[in-house]
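To begin, one chain is listed below as structure tokens, in the form predicted alone.
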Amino acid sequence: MRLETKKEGGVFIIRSLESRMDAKVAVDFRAEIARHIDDGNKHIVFNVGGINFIDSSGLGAIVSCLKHVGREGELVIAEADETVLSMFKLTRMDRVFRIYETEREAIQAMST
């Protein structure tokens, strides 16, 4: 999975350069994010703005990353479109993840 990453203060931002998050990319995504977490990035904003399709494998990979972050960090979602947001709501993952309209809002919330 092609990802763009950057760090702003103590917040690590990940943006997908893929339009789909499905079984084809889920394993690579999980491994890549686990590597970043192991490198000490515990406060993560996952900007899903470029994703217009997510299936259960993709959602499972995001949940796996959340578990990998553990209690000492957090992973939040930003810029989900209606399709992706509906998947989070349908699976009730909107109760597990904090979801922000913009990346800026997510960064500010994590910085306070």
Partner chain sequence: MESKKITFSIDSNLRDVALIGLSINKICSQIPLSDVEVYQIEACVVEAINNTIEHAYKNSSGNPVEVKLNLGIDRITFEVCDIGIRMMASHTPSLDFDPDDLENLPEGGMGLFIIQQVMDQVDYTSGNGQNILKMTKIFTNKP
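Residue numbers count along the first chain shown, from 1. These figures come from a predicted structure and were not determined experimentally.
We do not show the form predicted together with its partner chain, though everything after this point is about it.
Shown alone here, Thr91 lies within 4.5 Å of its partner chain in the predicted bound form, counting heavy atoms only. Although the partner is absent here, Ser57 is a contact residue: one of its heavy atoms lies within 4.5 angstroms of its partner chain in the predicted bound form. Among residues of the shown chain, Gly49 is not one whose heavy atoms approach its partner chain to within 4.5 Å in the predicted bound form. Within 4.5 Å of some heavy atom of its partner chain in the predicted bound form lies at least one heavy atom of Asp22. For the partner-free chain shown, Glu82, Thr83, Val84, Ser86, Met87, Leu90, Thr91, Arg92, Met93, Arg95, Val96 of 78-109 come within 4.5 angstroms of its partner chain in the predicted bound form, judged by any non-hydrogen atom.
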